[in-house]
Ligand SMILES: Nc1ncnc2c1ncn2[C@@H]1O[C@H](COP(=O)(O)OP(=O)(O)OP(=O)(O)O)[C@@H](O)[C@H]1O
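The form predicted alone is given below as one chain in structure tokens.
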Amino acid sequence: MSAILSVRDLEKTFGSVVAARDISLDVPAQQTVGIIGANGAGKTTFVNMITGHLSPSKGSILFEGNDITGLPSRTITRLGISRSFQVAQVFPSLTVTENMWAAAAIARGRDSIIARALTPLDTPEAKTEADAAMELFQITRYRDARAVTLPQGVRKLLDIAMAVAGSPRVLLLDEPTSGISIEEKFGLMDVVMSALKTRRITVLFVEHDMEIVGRFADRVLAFYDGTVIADERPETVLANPRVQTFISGTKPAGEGAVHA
């Protein structure tokens, strides 16, 4: 498969602090990539550079062969790279349906703030897209509920459904199972990954839960000290001694295990 996303020699510094360095990789279209690493390892910095929330200090980012290095996040979203955040970014006072209408309107709106403010939410296109997304993410029965009243898992599903409103080709998920109970996490990820595969979306997801990573990722990027120390199939990365020592904390006692 051809690469939909390519990064070369990516680096980000904050003064004398190097937050990310020497990152070069290709992501084929429709691949699901898990991103792991302890806090401060460079995961979030990497995601923020891809999505335009941070400009790289060095290196390049290509999306579908086009250089997007340092472009504003709004521009990158419109080009086809979307993201969700660890804390669901929904409109709490709006219903699920209204949240989906808003997401569709924002995705299709113009760059002008005034133009976006005047864009109707309940257009026929927004309604059609909202209905399809709610069915895909299995939240239709909550359509008239206000977001503030939703269970945490449903709120996560709504947040991700809203991120898909603009029909992105690449979606970055930040801790999709954060705050979700052990009993719910696999069911939620089954719904999310099935929906994204149906839409043929390339997925990169940051996750601390190694069971989730092992089950849902085609490939895993392991970050440590700002760079990628392992990039393989999940079973290979999770068995890597450096990953076990510095990230997962699964190395047996007496062998220098460090818990993330």
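Please read these numbers as outputs of a predicted model, since none were measured by experiment. Basically, rigid core = biggest C-alpha set you can superpose within 1.5 Å across the two forms. The first residue of the sequence shown is number 1, and the count goes up from there.
From this point on, the text means the form predicted together with the named molecule, which you will not see here.
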message = Within 4.5 Å, heavy atoms only: does E175 come near the named molecule in the predicted complex?
response = yes
request  = Mark R219 yes when one of its heavy atoms lies within 4.5 Å of a heavy atom of the named molecule in the predicted complex, and no otherwise.
outcome  = no
query = Is there a heavy atom of Q89 lying 4.5 Å or less from a heavy atom of the named molecule in the predicted complex?
reply = no
query = Going by a heavy atom distance of 4.5 Å, is T45 a contact of the named molecule in the predicted complex?
reply = yes
The named molecule: the contacting residue among G70, G40, G214, P28 in the predicted complex [heavy atom, 4.5 Å] = G40
query = All three of F14, A19 and H208 touching the named molecule in the predicted complex at 4.5 Å, heavy atom to heavy atom?
reply = yes
ask   = Where, among 192 to 200, 32 to 40, 227 to 235, 57 to 65, do residues come within 4.5 Å of the named molecule in the predicted complex by heavy atom distance?
value = 32 to 40
ask   = Taking the rigid core as the frame, does T236 move its C-alpha by 2 Å or more between this form and the one not shown?
value = no
